[in-house]
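Take a look at this single chain in structure tokens; it is the form predicted on its own.
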């Protein structure tokens, strides 16, 4: 009996796989391994070289090449994927719950006659049934969807799986194919990748983050937050309400509409813990929360917490940290 297959449609930029691809591979392994299914990582590119020796957590890597596949082009991707997926006949196709995945899902659903389940945070195989858990209404509701048989397409929510488990200590078998369909006369043509100038700090690469929420009360109090971040050797980030009030630039926003961060330490100051924010920082190694409301949702995510007044704590904590470091 030929094993069922889970296909992960990879996302990549500038010759590197995106984090969501590794998360989807982790998800695929969790679904496939208990059922004895196979996992295929499907990468559409112009140049296969950067992807040939990656130790991906899949049973094989299938690389399909053509010049128009160098950068994401929804018209080119859907044309190739419709042909390939009909040929592969997988049980489950994983896309990211990203702009790329959402561009592809509708056309693939129509062309393949398959249901799409979006916002997936967990997928389980139960015999022939696939069970999907999705976040709705900004994470306030969880919905369960069951698909009994046939192909299913799932959009995996970023931050739901450990991306580090998407790579292993071996390189799976790699197959390289030319595009099975012509990509001439596409209605959409990629011109160039324009990256924004990043003069600000990249909070996704900072090991210690001090998150400011509405509990800091005013722009003036940000100085105390910045002093603490400087003493810790980290950087300040913020929730969406703080950014919306223009106390900090959008490059510092953490959450669903901002950045996903995974520092060694995330110190949440006056952060309520709305699902939109937690989604972007819950993968931090250590989360410490300060909020005067003992029922604040942030305490459900934090490893440690206190209900002291953050404005009273800030100068004391900064002074103690500086003293311990001899500053």
Partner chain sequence: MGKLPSGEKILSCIQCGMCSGSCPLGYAMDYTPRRMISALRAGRIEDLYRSDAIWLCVSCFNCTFRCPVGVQITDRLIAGLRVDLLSRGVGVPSELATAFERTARYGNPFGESPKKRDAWTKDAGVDIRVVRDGDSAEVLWWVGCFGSYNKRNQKDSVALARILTALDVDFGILGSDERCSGDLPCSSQGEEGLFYELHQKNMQEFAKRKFKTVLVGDPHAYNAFNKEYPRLGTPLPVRHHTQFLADRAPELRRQMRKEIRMKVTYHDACCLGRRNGEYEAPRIVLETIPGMKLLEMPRNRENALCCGGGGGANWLDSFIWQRTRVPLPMQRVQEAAKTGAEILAVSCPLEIPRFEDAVKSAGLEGRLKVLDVSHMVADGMGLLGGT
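Owing to the predicted nature of the structure, the values given are computational and were not obtained by experimental measurement. Numbering follows the first chain given and starts at 1. For the two forms, the rigid core is made up of the largest set of C-alpha atoms that agree within 1.5 Å on superposition.
Omitted from view is the form predicted in complex with its partner chain, to which the following refers.
Heavy atoms within 4.5 Å of its partner chain in the predicted bound form are found in one stretch of 46-54, 286-294, 33-41, 59-67, which is 286-294. Residue contact with its partner chain in the predicted bound form: residue 217 places a heavy atom within 4.5 Å of it. Although the partner is absent here, residue 89 sits far enough away that none of its heavy atoms falls within 4.5 Å of its partner chain in the predicted bound form.
Within 4.5 Å of any heavy atom of its partner chain in the predicted bound form lies no heavy atom of residue 22. Of the heavy atoms in residue 162, none are within 4.5 Å of its partner chain in the predicted bound form. Core-superposed comparison between the shown form and the other one: the CA of residue 245 exceeds or equals a 2 Å shift. Relative to the superposed core, residue 13 shifts its CA atom by less than 2 Å between the shown form and the other one. In a rigid-core overlay of the protein, residue 292 has its C-alpha displaced by at least 2 Å between the shown form and the other one.
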